[in-house]
Ligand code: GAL
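Single chain ahead, written as structure tokens, the form predicted alone.
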Amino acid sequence: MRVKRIKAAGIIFCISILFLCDCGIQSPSSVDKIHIGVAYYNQSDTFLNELVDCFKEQINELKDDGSSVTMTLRAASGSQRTQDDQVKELIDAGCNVLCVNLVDRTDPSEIIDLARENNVPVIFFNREPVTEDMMQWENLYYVGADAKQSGVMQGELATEAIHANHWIDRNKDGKIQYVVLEGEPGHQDTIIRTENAVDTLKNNGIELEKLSCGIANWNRAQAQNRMVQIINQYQNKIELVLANNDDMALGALDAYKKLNFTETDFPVFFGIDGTNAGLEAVLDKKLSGTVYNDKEGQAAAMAKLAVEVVSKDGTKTDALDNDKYIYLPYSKVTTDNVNNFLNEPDASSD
């Protein structure tokens, strides 16, 4: 049984048990009709699409258990104004709980005001609002992961690779010349992932020389274009690429292919998120590693919490930190364990 399937199955089992018991989530007969409005920042984001797909699967599980659950999805194409309007439409359409992946994590005020005026709880996910905004109302929640942990794990993966493969330091100068590809400015994961990955390398005795840093907004095509520029400047001097997500790591790899570099001249690439494409690239040894962002666990936690905040008695899960936060752990992925995270048929299916 694959690791992530076991984790997701365990969470689903727990949700089912809670439906049948007097503790936790109420039984279907004592839960109001649940209409979930999901608003996320951009439909072109690979990880978000995979997370939303997992959430849809969780909602279908709830339907199979007899609950009256409906869901409406809206993507904002990167516009906070559009997202604000979409949230109003979702509330007007009768949604009694919202799951919101903010376009601008620093600007949730209109959404919070709309939700509070209509008494509709909000579960923010993936993009964490600042603490002051989360304190504006008691019915605001967040489900996501600890960005610091992902940066530390990426730094550990890179450290392990450098210690095990002396050829990474191609010019034998005792330093690793590196490039960072970052998500959009202002996102908490951009800053935290980069800082902790680099600090972890340094704290483990790796001497670094930063050649360049490029903003690619989590996007593979943008990362390819930015990396082409960086490669043209530094040629084969780059020994390590740290990308804030898998799509940008793959975009960097695309740039080397586009410029017809041979694989022996490639640096090592590390991503974060464990998207399907990222995992396949680790399996094929195109990426040296990634950090798995538990989309199955986050989707299950969101579904469970959405049911709880609409239930008649208002019971909320004990998993909440400070009555507001649920953080799912990351996992390091290498060629040694990548098969545990890939969506593959169960061996027992024959």
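Small disclaimer: the values here were computed from a predicted structure and weren't measured. Don't overthink the numbering: it's just position in the shown sequence, from 1.
The protein also exists as the form predicted together with this ligand; that form is not presented, and the subsequent description refers to it.
State the residue from Ala299, Leu48, Ala39, Leu62 whose non-hydrogen atoms include one within 4.5 Å of this ligand in the predicted complex.
Only one option qualifies, and that one is Leu48.
I'd like to know if Asn293 sits close to this ligand in the predicted complex, meaning any non-hydrogen atom pair within 4.5 angstroms.
Residue-level check for Asn293: yes, a contact with this ligand.
Check whether Asn196 has any heavy atom within 4.5 Å of a heavy atom of this ligand in the predicted complex, and answer yes or no.
Although this ligand is absent here, Asn196 would stay clear of it in the predicted complex, with no heavy atoms inside 4.5 Å.
Is Arg220 one of the residues lying within 4.5 Å of this ligand in the predicted complex, judged by heavy atom distances?
Because no heavy atom of Arg220 falls inside 4.5 Å of this ligand in the predicted complex, the answer is no.
May I ask you to check whether Asn126 falls inside a 4.5 Å heavy atom distance of this ligand in the predicted complex?
Although this ligand is absent here, Asn126 would touch it in the predicted complex, with heavy atoms inside 4.5 Å.
Quick one: which of 320 to 328, 53 to 61, 40 to 48, 301 to 309 gets within 4.5 Å of this ligand in the predicted complex, going by heavy atoms?
The contacting stretch is 40 to 48.
Could you pull out the residues of 259 to 276 that have any heavy atom within 4.5 Å of this ligand in the predicted complex?
Residue within 4.5 Å: Asp273, and no other.
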